[in-house]
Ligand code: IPD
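Below you will find one chain, with nothing else, as structure tokens; this is the form predicted on its own, and questions on how it binds or moves follow later.
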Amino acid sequence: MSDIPVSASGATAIDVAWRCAREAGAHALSRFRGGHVIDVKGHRNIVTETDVECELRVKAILAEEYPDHKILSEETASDTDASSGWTWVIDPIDGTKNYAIGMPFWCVNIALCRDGEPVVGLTYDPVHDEGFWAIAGQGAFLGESPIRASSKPNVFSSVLSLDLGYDDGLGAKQLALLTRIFPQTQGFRITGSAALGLAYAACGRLDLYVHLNISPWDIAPGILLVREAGGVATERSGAPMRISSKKFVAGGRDVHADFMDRYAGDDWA
């Protein structure tokens, strides 16, 4: 996509995203498995002081490099309208519960959107130093290597992943869906990070990822990653997935089609 604006210093948007991700990731990693000040935002939904510190560091870089762009972020700018113009969408630590209890499955999530559509996306896992990134029309990558979504033909041959979210009723429906499908699949994984779930779906580590209650900062890079990796990301209804989507199915083309054919009509959302 040739019309993505360069930054004030002349850097590309993906380079700025990498700078943000590495800055936030290094700070979060330095605090990982240390003591945390934890606030409760809702049932099972927490935030640590490190989440806020990382977000402020990213926002400072973006204010310097793209002063005219809007920012939508989980902790300090969650009400920004990202439906028009250029907007950076940030989750400073996706998988905060994992982070707070010392599980090494969390990441920094950053995307640049134009009129609500992600055109640059980066999901960075500091623990394993893995960066999943994509630019619209240019493919998806893990580091320097191109990635492809799963080529599995159906649900039976696939490993599926889901997360329960913070809504008890919808979480129960996710468990009901799992029970409905099992054992007609190779297995399930509950990741605790929607961002990494989508990144893993983009590179084929997971064949399909399903969620019923999500926020824009969790999924903005992942939508682009899956599509640029040759996969499919849709709402439960089958409509194209957007950063405003709440209920989605994403992964390889064939397994996605098989899942939608078999289960989209079920009362699981």
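From 1 onward, residues are counted along the sequence shown. Treat the numbers as computed from the prediction; the structure is a model and nothing was measured.
A second form of this protein, the form predicted together with this ligand, is not displayed here; the remarks below concern that form.
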Would you check whether this ligand, in the model of the complex, lies within 4.5 angstroms of a non-hydrogen atom from each of Asp94, Tyr166 and Ile214?
yes
Residues in which of 79 to 87, 119 to 127, 188 to 196, 143 to 151 have heavy atoms within 4.5 Å of this ligand in the model of the complex?
188 to 196
Would Asp218 count as a contact of this ligand in the model of the complex, using a 4.5 angstroms cut-off between non-hydrogen atoms?
yes
